[in-house]
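Just the one chain here, laid out as structure tokens, in the form predicted on its own.
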């Protein structure tokens, strides 16, 4: 395949067709349940489920677009997603007038620079934000001369840049990997997204059906041990069954899928803790039924960097 273009990959088309079929079935089932079940308690859960399904159509359309536009277009699209996620995050945290110049650099220099370096396939993208961004942000803030809550303000801006831009950029970075016999391929990104996002959905479903024992009620009241175990095992099984999308062997696909599921759970829990600290239910309202961009990408933020480095270390050239 030529760089930046994926072609009509038959396996990719099968996977996309399967996702489309699942969405159609889920939509039909959700609407039937809404009409058939009149229990007041169950109605709230069904309404939430239908909202999630509706937002999944939007999310799948977005990720489908990344497969159509190729690696360069995908980097632009994820760059926009990072920009919006960072905007959601920084809108919620307290900043001061002295931070405005630093925020300008955060939004308009470091964010596009991260994705530009990715487009060059230059390994320097691994260190620009965690090293140079980490050093630049407090230095710029110090030059502004405002010392009130200095450490807290600097840490929060740095954290936002790391999770919204650096960590999230590892998802499209998968499209730049050159794997012998596999090449730069969108199927790796699709595999990551399927396992990661189905883990979220299945943990929610198992939690609603079987959940009794809460994991961290003060942080995420809906997360239960039953949902965690059921969702993690199911997502791992699905990822294992999709080994044919990847360069992985069957056992490797199982181990990597388990890692994605566990990391995704950790990401969701951490991002929920931040919301509780900020006193908000959602990071935004851009996606109906899911809040904002960060509410949907929280698990991917943790899973993408580790998945990228696993693939690069064990399978990259």
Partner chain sequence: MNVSSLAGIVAGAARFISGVQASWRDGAPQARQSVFFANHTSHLDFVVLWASLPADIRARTRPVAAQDYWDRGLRRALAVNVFNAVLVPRSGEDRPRESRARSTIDRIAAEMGDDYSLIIFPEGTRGTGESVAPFKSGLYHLCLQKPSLQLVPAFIENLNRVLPKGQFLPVPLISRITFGAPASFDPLEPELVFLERMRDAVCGLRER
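Computed from a predicted model, the values in this text were never measured in an experiment. Residue numbers count along the first chain shown, from 1.
Quick note: we don't show the form predicted in complex with the partner chain, though the next part is all about it.
Contact check at 4.5 Å (heavy atoms) against the partner chain in the predicted bound form: none of 205, 208 and 213 pass. Contact with the partner chain in the predicted bound form, defined as any heavy atom within 4.5 Å, is confined among 224 to 232, 133 to 141, 107 to 115, 168 to 176 to 107 to 115. Site annotation in the predicted bound form: the residue of 238, 127, 76, 93 reaching within 4.5 Å of the partner chain with a heavy atom is 93. For the residues 27, 285, 51, 45, the 4.5 Å heavy atom test against the partner chain in the predicted bound form is passed only by 285. Within this chain, residue 83 lines the site of the partner chain in the predicted bound form, having a heavy atom no more than 4.5 Å away. Contact check for residue 153: every heavy atom lies farther than 4.5 Å from the partner chain in the predicted bound form. Interface membership of residue 162, defined by any non-hydrogen atom within 4.5 Å of the partner chain in the predicted bound form, is ruled out. Proximity of residue 87 to the partner chain in the predicted bound form: non-hydrogen atoms within 4.5 Å are present.
Along 176 to 197, not one residue places a heavy atom within 4.5 Å of the partner chain in the predicted bound form.
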